[in-house]
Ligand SMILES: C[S@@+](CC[C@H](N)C(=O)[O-])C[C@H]1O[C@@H](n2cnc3c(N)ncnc32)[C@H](O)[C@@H]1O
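So this first bit is one chain, no partners, the form predicted on its own, shown in structure tokens.
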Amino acid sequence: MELPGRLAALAIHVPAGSVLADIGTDHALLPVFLLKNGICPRAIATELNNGPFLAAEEAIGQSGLKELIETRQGDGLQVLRPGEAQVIVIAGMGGNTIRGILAGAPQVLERVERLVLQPMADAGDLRLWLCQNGWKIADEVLVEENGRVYVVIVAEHGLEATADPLLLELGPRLLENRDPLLKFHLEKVVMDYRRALSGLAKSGSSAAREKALLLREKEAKIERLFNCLQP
């Protein structure tokens, strides 16, 4: 069994021997893979809505792992008990949605050893929340799948050394590790800034001017980062 690139990037960050909770498991591809390959002894697969929940149950039943992968229906981490999962994976959601899920269950979160997160947007907001709530960015990786680049963020309990808001927006470990897709990632961030600047130019308000100035300053800093990353 092989996983798509994005899910494979999640799987390699799940430590061997850990119990996994896959929040929003979809068709349970990740927990099935991890158990079939002997990485996790048990897993919990969750879904909020009835259709995806039934699909996950069916996929787990077909895998022959129904005794080892428990399906639960409910909202985020609310379906977990403190201490029953060492690793939580949340993928395929917006960064602010993930942030809300994590913030909504502090008793569960404090007993978790590792978070493996794949935000579809607003990764910077998610990193900032993690750092402000006792989590450090242990690792990050960019992965390409079907022409789109995704970021995987691995967080563990501790103090994050990076405080610069722009570096947290871009990904401190991506920059430190010079991820192979980093140049593409930074170019996309700059393109997003420029689209925002185009919209702000249509407004004459002082707030729009201030935001435009901030974006231009951030764009200039990224240009300097580009120069530092050149071999």
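Predicted model, so just to flag it, every value in this text is computed and none were measured. The numbering used is simple: start at 1 and walk along the sequence shown.
Below, we refer to the form predicted together with the named molecule, which is not included among the displayed structures.
For residue 142, no non-hydrogen atom is located within 4.5 Å of the named molecule in the predicted bound form, even though that partner is not displayed. At the 4.5 Å threshold, heavy atoms of residue 3 stay clear of the named molecule in the predicted bound form, well away from it. Interface membership of residue 197, defined by any non-hydrogen atom within 4.5 Å of the named molecule in the predicted bound form, is ruled out. Using a 4.5 angstroms threshold between heavy atoms, residue 23 counts as touching the named molecule in the predicted bound form.
In short, of 43 to 51, 59 to 67, 170 to 178, 183 to 191 it is 43 to 51 that has heavy atoms within 4.5 Å of the named molecule in the predicted bound form. Proximity to the named molecule in the predicted bound form, taken as a non-hydrogen atom within 4.5 angstroms, holds for one residue of 134, 74, 82, 106, which is 74.
Taking a 4.5 Å heavy atom cutoff to the named molecule in the predicted bound form, the contact residue among 128, 93, 154, 87 is 93.
No residue in the set 11, 99 and 121 has a non-hydrogen atom no more than 4.5 Å from the named molecule in the predicted bound form.
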